[in-house]
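Take a look at this single chain, the form predicted on its own, given in structure tokens.
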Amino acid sequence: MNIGIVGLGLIGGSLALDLRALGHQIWGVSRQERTCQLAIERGVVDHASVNLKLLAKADVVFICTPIAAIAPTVQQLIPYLSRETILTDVGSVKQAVVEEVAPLWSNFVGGHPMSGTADSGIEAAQSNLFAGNPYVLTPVETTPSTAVKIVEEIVRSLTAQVYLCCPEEHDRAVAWISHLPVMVSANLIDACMSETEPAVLKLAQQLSSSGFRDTSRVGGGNPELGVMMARYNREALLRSLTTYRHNLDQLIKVVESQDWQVLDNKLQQTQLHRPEFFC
């Protein structure tokens, strides 16, 4: 199968590596000529160009651009595509994307691979990035079943765990387990930097280890991704942030009142519920 990939960063490059290893012909497009050269040199793609016209022969195209660029990219692609070409994306927000793109291209299947690292760019691309991880597809009533089936087969070939749901449900779910953690993690770093005593701040930085590293990781990631999450999933993110603020206010009251039994009960419950998110 001829598979096109627009955007040869971590996700696009990793998709290209795995799909090429499975025998597909990979046609990659990037805004930067250097990225195209690196993708070919590293064996990530078979062909690469800064021109979308390269994808005229593609059967399926993965759009791996930032969220704001997905719909404009589709519009630019349309003149070069056959009506049978299937488009899919990898954006972390689905309702806004599907609402914009579906009217432009009927053979569009919204997608979101729940995989990644703190690194970015073609240099960060790696094999088996998606193996064993969730990969969500969000077809709507107008999405052709044949298009969904083909994208699902490709995703399953990556040994990812495929989930199908509507765009709105996807956005509400990821607001809790992806977008809220980014904001909370970033705020944790910001709060720590508010320490007014330089010696204490320096000591905190020297003493930080695995606990702080784990809880601050997503907050120290690509700022553009965080802004896109908030901009395109604003309603669901605000809902989760408001609930989190309420829970945090309750926690403050518990500590202020020195009600250690209530605190113990809360921590017992969170210890109990955490495994339910990693089943």
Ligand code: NAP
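Residue indices: 1-based, along the sequence shown. Not measured: the values here are computed from a predicted model.
There is also a form predicted in complex with the ligand; it is not shown, and the following applies to it.
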Heavy atom to heavy atom, is residue 185 within 4.5 Å of the ligand in the model of the complex? no
If we define contact as a non-hydrogen atom of the residue within 4.5 angstroms of the partner, is residue 37 a contact of the ligand in the model of the complex? no
Is residue 30 near the ligand? Define near as a heavy atom within 4.5 Å, in the model of the complex. yes
At the 4.5 Å heavy atom threshold, is residue 117 in contact with the ligand in the model of the complex? yes
Complete contact of 4, 86 and 144 with the ligand in the model of the complex (any heavy atom, 4.5 Å): no
Sole residue of 77, 174, 151, 90 within 4.5 Å of the ligand in the model of the complex, by heavy atom: 90
So which of 6-14, 19-27, 252-260, 266-274 is the stretch with heavy atoms within 4.5 Å of the ligand in the model of the complex? 6-14
